[in-house]
Structure formats: structure tokens, C-alpha cells
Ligand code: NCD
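Just the one chain here, laid out as C-alpha cells, in the form predicted alone.
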């Protein structure tokens, strides 16, 4: 894999940082494969469809002992560093399991107090050190744009390695968006023939929910989808996202009336209040009870609808909803493992081996 030939190597950091995400996207892919996986905007419809197809094939292959051995023999020569400077359960374990599926050896740093950063080393130097030992760096960080900076930095070194953004401040969570697309596509394909033309409601803290921001942008690739943004006014979706939807000619509605839109939805994507971003506890002043989904609401939902949540949840989905067949949030968790394994395999351009094995499996 020719990381040194990346076009990202030829651009100065200040120039790259100043680009709109759509202009950054071509610098992050090579020949239809992600070079680094940093922003939702770098994934076009063909790449999304490929990721869905690849994840589906991999999970079918992995159902047998022989198939799992095949998967684990795909990348045993690679090593991955999981650098998580922000608390995480699902995303961390999902990437950890994805690497295990592919035979990748894993190391982790989840607390700066255990690294040389406690001695004053910069985070950039820490990551440069990781790149000396590892072939892939997966980063979760509270600072927006941090993964982009490190990807740019490493691309310009004599040992460039791919970087995956596992959550970046309040702006991006591209791999969560990939697994959400997979969940939507797979679930709605069985229930209504696919994702195109679906009505999807995002509910809760939409201003600061990076999962919503990334997924909303990816939905622009699916004709006929209408998005509904349901939130208290202080937490409503940002104008930057709405501007992108306007540019794409995508239909949407902004409302605070959750119950009025429930019966129309093909998918309801619930989110928690992101009060870790509060400055002075301002979220506590909001009445968010109108944005909860309870068992009492289930009869008014479409029988074919699905309920999603990136987790963790608080009170926005009652536990009684878990047993309803339309609840897909626990399936989302498992989907993430396969989608991220598919992404890693694509980054290392080994995905065609899955195609060949799968053809033999079904023939």
C-alpha cells in the first residue's frame, strides 16, 4: 500500500485545515479506498455500498470456524494502536473486536497519565512514537480536528500510517455513521425495500451530537430521504448541517413536537443529552421529558419502523422498549464491529480477498 504517494503529503497543514470538508475528501481517499478515515464527507455512495456489502459478507464468512480462521489470517502482520483520550465503551471495544477478527495485534493508551504526556510530551509526539511501532492508529479525542492534524502529520513522515477518527470533539464520528448507514440499510431493506425515500427522525441533543451530524451528511447520498430534527430549541441541529442539506436539495423539517412526527417515521434515531459539553450546567434547565420514547408510544409507530440509538442512553428510551422487534440499538452495537472490520480491511486494500472467499462459499 503506497501511503507515501498520498496527495495529502503535498499540501501544507494550514491550507488543508482551511479547506471545506468536501474539498478535503479527495485528499483522504485513493483509488476508491479510504487512505485515512477522518470525515463522513469522504465516503460517497459507492464507498458506502461497498462497506455494507463487505461487512455483510464478512459476518457470513465468520459464522463458521473455517471462515473465522480465514478472516483472522487476513492481517496478522499488522499492529494497531487504540489511542482513546476520551471515555468510550462501545467504540473502543468495537474497534478492538474488529482488529481481533482480522488477526491484527492491538495495544492501547486510554489514559494520558500512563504515557509520557505526564512528563510534558506533546500529544503529537506521542502519536509519532506510536507510528514507529504500529501500522494503524485509531484515535478518539475531545478536540475537534485533532485526528485530521495527526493524519496530516504522519502522512508527511518517512513511515506514514493510516489514521481512523473514532470520534472528534463535537463535529465528527464517521465510523459511527458508517455503522448507522449499515443498520438503516439492512433493517429497512427487509421492511420497506431500502433506505431511499425513508423518513428519519433525529431526536434529542442534535446541536452537540456528533453521531447525528455525521449520519445526516451521509444521508445526502440516498435520494428521497427526508430528515426530521426533533429537539428543544437550544439543542436543535446546527445551521451548518442545514446549509449542507439545502445545497444538496434534501428535504428536512425542524420541529420540537416529537409525538406529531412519530407515526410517519421509518426510523427514529434517539440521542442523549450531551451535558459533558455544558459550560455552566445549562442542560439541567431544559425540560427534555417531551423527547423521551416510552412503551406508551409504541402503538403509534409504524409496524415497519425501526428505533436506533448510538448509546449510551439515559432516560430517552425506556428499558421496556428493548423487547420490541423494532428496537435495533443493540443490533447497532454488533453491526459496528463488522463495519469497522470492513473499513480496516478496505484501508489496507485487502477487501477483494473477501469477495473471492465469499464466491467460493456460496457457489
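No experiment lies behind these values; they were computed from the predicted model shown. Residue numbers count along the first chain shown, from 1.
From this point on, the text means the form predicted together with ligand NCD, which you will not see here.
Could you tell me which one of 311, 298, 47, 30 places a heavy atom within 4.5 Å of ligand NCD in the predicted complex?
Here the answer is residue option 311.
Give me the residue from 91, 165, 227, 183 that has a heavy atom within 4.5 Å of ligand NCD in the predicted complex.
Only one option qualifies, and that one is 91.
Give a yes or no for residue 221: in the predicted complex, does one of its heavy atoms lie within 4.5 Å of a heavy atom belonging to ligand NCD?
Contact with ligand NCD, no.
Taking heavy atoms only, is residue 213 within 4.5 angstroms of ligand NCD in the predicted complex?
No, no contact at 4.5 Å.
Would you please decide whether residue 187 lies within 4.5 angstroms of ligand NCD in the predicted complex, comparing each non-hydrogen atom pair?
Heavy-atom contact with ligand NCD at 4.5 Å: absent for residue 187.
Residue 131 near ligand NCD in the predicted complex, any heavy atom under 4.5 Å?
No - in the predicted complex, heavy atoms of residue 131 and ligand NCD never come within 4.5 Å of each other.
If the criterion is a non-hydrogen atom within 4.5 angstroms, does every one of 6, 42 and 149 touch ligand NCD in the predicted complex?
No, the candidate spot makes no contact with ligand NCD.
Please identify, from 257 to 265, 173 to 181, 227 to 235, 242 to 250, the stretch that has a heavy atom within 4.5 Å of ligand NCD in the predicted complex.
Checking each option against the 4.5 Å cut-off leaves 173 to 181.
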